[in-house]
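We begin with a single chain expressed as structure tokens, specifically the form predicted on its own.
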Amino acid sequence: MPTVSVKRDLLFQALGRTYTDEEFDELCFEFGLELDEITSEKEIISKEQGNVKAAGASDVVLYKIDVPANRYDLLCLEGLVRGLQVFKERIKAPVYKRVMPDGKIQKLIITEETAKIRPFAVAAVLRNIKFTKDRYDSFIELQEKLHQNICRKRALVAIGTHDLDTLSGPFTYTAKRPSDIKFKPLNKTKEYTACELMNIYKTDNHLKHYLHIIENKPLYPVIYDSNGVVLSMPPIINGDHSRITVNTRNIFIECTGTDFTKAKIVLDIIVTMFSEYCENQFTVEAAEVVFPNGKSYTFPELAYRKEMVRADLINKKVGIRETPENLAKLLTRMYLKSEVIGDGNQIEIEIPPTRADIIHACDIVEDAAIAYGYNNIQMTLPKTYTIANQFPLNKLTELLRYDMAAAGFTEVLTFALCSQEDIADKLGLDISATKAVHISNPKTAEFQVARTTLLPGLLKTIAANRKMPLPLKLFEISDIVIKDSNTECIQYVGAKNYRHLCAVYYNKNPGFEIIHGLLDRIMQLLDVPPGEDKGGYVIKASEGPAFFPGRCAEIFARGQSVGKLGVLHPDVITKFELTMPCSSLEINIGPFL
């Protein structure tokens, strides 16, 4: 969930009243948010960099508020305040309007060269806006929040904001070779070519994360005005010529990207949040975008749409009994203007351009539940005849965990993914013999396959804790994954999970008798007697590449092989960077259910 930081005093001023921390925490909960932390800039810097660096930092109290990932309208102070005021019924939801300019409309022309890089662009103008330092900071912060959220770190959409009074339209969005693009970027004192900029920003802590988006492309996207002045080189950097300041009165906003729908949503969010500060509140000046095929579109769309939901559906899904009129009132408090129509059971909901998260009727039902209050929903028993019970395999697992701990072994929990080397080379096996499920696009060599045995995880845990007092007695009960060719299975997916129990004993002597004794105790707990008769268990001499010759046994229970135990081979111990002998036991506990 994104976290929005707002100054407490500024927030209370905008809300028109003050709250105690507890009261505001409760208000956030009622609205479906969470007050995550109460801090200050000084406290944040002190935690991250120490008291010396924090000297001189601001002591202004900050509220860090967790916002649902799809509520883009709550990612800034303006949207947060507006949402809370509507929720508390102090104001009515504003109506956002797109207006045509008195003079010539600003035009953005897209050329066909952008098609293979970032083919889409939308634009709008905020006219006669009045910034203060706090409003300006919020404007910049919203862009950054959107970039990290819906824009997917600028890969899908990149936002450019420009002082319109320093530019001359129409604007051209095109793509050129990096060597042909030259301009003075934001916060620089001289001009650079695009190639030079990419090299400079490789060491920039903020911008280096976005270079890969266009770095290897033959052409880079760029936006010019009619005089050849560069507005921006999306998605990397804006030009310094058109930078906005606190004194900027007219803002030209362009959003370029690879996702047309998200670009339109991002533009709508920015203009609806900050049109509040325009001379004509909540009005946005339209801009025309001409695509390579000659078709022309006007943005922002600021589209309102209507949805119909039956009141009985909302009551059924939420588990309440409210009249349609009350439900319409609840939805109106959630920024969804609603009214009862038709037969008295139908509710017509108006979805504003700020609520891009409303996609389906279930989203409307969720908002009704939030407005009603989760704590106000009466708890009822489910109208079913089934009795909940623990999954048998998990129940057996829990029981074994307790008794393994009682036997003096410490439980560990290791990663379900590991490297090919861990389950093959280090254990003396060929990877093809392991029947391992491979990850198609592993991000790191440490997570290439799903584990086929729990043993490597335990040995790596011992290697990381070699300084601990001996002996080390560890165990784990978790799933392993094996390729499965049984296509007759109803839930066939090409692989199957098996619940394994693995234990290791690490000391100056191998301790085979310790592991053998543990096996006997486990079988006693599982009510499996020794011997082959009456579904008992036996161990038979066996060999395995991971075990010392002559020190390995296969475990048979109820007529089938369930695992192995033995002393690990010195090569295996060495490959896992261990120096002492080690015995291990690994069995499949599924057959004992």
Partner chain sequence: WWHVPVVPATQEAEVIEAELRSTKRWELTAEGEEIAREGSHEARVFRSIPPEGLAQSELMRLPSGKVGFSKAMSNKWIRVDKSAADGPRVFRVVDSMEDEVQRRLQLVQGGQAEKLGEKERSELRKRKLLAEVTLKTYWVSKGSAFSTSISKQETELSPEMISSGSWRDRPFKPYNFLAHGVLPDSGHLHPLLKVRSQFRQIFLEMGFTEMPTDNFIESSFWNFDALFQPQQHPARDQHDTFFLRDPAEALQLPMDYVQRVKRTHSQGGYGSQGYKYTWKLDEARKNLLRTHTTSASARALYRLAQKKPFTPVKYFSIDRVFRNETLDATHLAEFHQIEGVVADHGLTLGHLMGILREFFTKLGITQLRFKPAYNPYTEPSMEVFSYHQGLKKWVEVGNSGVFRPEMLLPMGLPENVSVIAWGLSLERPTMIKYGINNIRDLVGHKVNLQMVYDSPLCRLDAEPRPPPTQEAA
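Numbering follows the first chain given and starts at 1. Whichever C-alpha set is largest while still superposing within 1.5 Å between the two forms counts as the rigid core. The model shown is predicted, which means the values in this text are computed figures rather than measured ones.
Omitted from view is the form predicted together with its partner chain, to which the following refers.
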{"property": "Options 100-108, 197-205, 312-320, 77-85; stretch whose heavy atom lies within 4.5 Å of its partner chain in the predicted bound form", "result": "312-320"}
{"property": "Proximity to its partner chain in the predicted bound form, single hit among S440, T189, N216, T245 (heavy atom within 4.5 Å)", "result": "S440"}
{"property": "Contact residue in the predicted bound form, from E398, E279, E144, D520 (heavy atom within 4.5 Å of its partner chain)", "result": "E398"}
{"property": "4.5 Å heavy atom contact, K262 and its partner chain in the predicted bound form", "result": "yes"}
{"property": "Distance check, D73 to its partner chain in the predicted bound form, heavy atom within 4.5 Å", "result": "no"}
{"property": "Non-hydrogen atom contact E285 with its partner chain in the predicted bound form at 4.5 angstroms", "result": "no"}
{"property": "Exercise: F415 in contact with its partner chain in the predicted bound form, heavy atom 4.5 Å", "result": "yes"}
{"property": "Output flag, K133, V229 and R333 jointly within 4.5 Å of its partner chain in the predicted bound form, heavy atom basis", "result": "no"}
{"property": "In the predicted bound form: members of 369-391 within 4.5 Å of its partner chain, any heavy atom", "result": "A369, I370, Y374, N375, I377, Q378, M379, T380, L381, P382, T384, T386, I387, A388, N389, Q390, F391"}
{"property": "Rigid-core frame, C-alpha of L15, shift of 2 angstroms or more between this form and the one not shown", "result": "no"}
{"property": "P218 C-alpha shift between this form and the one not shown of 2 Å or more, rigid core reference", "result": "no"}
